[in-house]
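In the block that follows, a single chain appears as structure tokens, in the form predicted alone.
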Amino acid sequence: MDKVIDIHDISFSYNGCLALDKVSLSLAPGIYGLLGPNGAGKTTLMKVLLGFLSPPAGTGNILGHDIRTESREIRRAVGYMPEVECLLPLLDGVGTVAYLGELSGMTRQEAMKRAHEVLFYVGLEEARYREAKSYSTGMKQRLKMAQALVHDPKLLFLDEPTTGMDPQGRQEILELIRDIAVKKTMSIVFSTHILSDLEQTCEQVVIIDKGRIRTLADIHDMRARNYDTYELKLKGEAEEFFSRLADVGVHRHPIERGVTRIGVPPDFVPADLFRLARDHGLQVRHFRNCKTTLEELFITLIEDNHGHQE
């Protein structure tokens, strides 16, 4: 299949408030991160792709199924791990996964067999007969992952898959995601606010803001074409200095203890920064090149797009 997701000019509003504004997105098989500030339209877009919402405008298909007329077929072909609590507290782990497998169209016998397999896969084999209400937060996340995988979907949607997990548990979930992407014939789209998770797992990132897709880019390409980053610490009143830097395309990201991280365009000459600091009566106490993070690139892209809109 050439495209697992192929939508065009999708719009959706809540009580007159535009949540998606003519969104078009075509994704080939692979693993994608979905990024955006709060209220950007991530959740609405995911609900449209899952067939939970029917947009009044636009067309598209998921895994070859029309989003308007084949929502049942879409839900049978995709797996969904929601962020919110969705477990039946009195069902044990294997019963939960088997039940949701049946809801996905599997026979009872097949669903039970697969439930045991996926619970082993996500590391819950020893807890599979315990009631879901006794699970820790991390175990509940694994159980939600298992139910999303039980029917062997071709496309997996993960909404904040590492929420509430300790660092070790988070890494184990990320390893599962990488393993699924490599060993399974399964594409993944997942939304998270933990940008380092995407850096460890994703091939490409979809950035959405104010209901519009701002970019679809390979993470490594983003790094290659975007700004160099420096850490800077100054002595003196620097607001006018940073305002002048902004005029030449320098992005400012305060960190802590007076240290500011700046992203500079490719043609920027660091010596100009020192001259500008001198002209504003400032002392440069700290200045060093550092690695650009995905978070900084994300902020830069959002700021650039807001600037272009203005």
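Residue positions are given as counts along the sequence shown, with the first one as 1. Bear in mind that the values here come from a model prediction, so they are computed numbers and not experimental data.
Not pictured, yet referred to below: the form predicted in complex with a small molecule.
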Please identify the residue among G64, G39, G58, P29 with any heavy atom within 4.5 Å of the small molecule in the model of the complex.
G39
Heavy atom within 4.5 Å of the small molecule in the model of the complex: which of E131, D152, E83, D218 fits that? Just give me the one.
E83
Any chance A19 has a heavy atom within 4.5 Å of the small molecule in the model of the complex?
yes
Contact with the small molecule in the model of the complex for T43, defined as at least one heavy atom pair within 4.5 Å: yes or no?
yes
Can you tell me whether E199 touches the small molecule? I mean in the model of the complex, with a 4.5 angstroms heavy atom cut-off.
no
Using a 4.5 Å heavy atom cut-off, state whether H193 contacts the small molecule in the model of the complex.
yes
Of 66 to 74, 30 to 38, 260 to 268, 280 to 288, the segment with heavy atoms within 4.5 Å of the small molecule in the model of the complex is residues 30 to 38
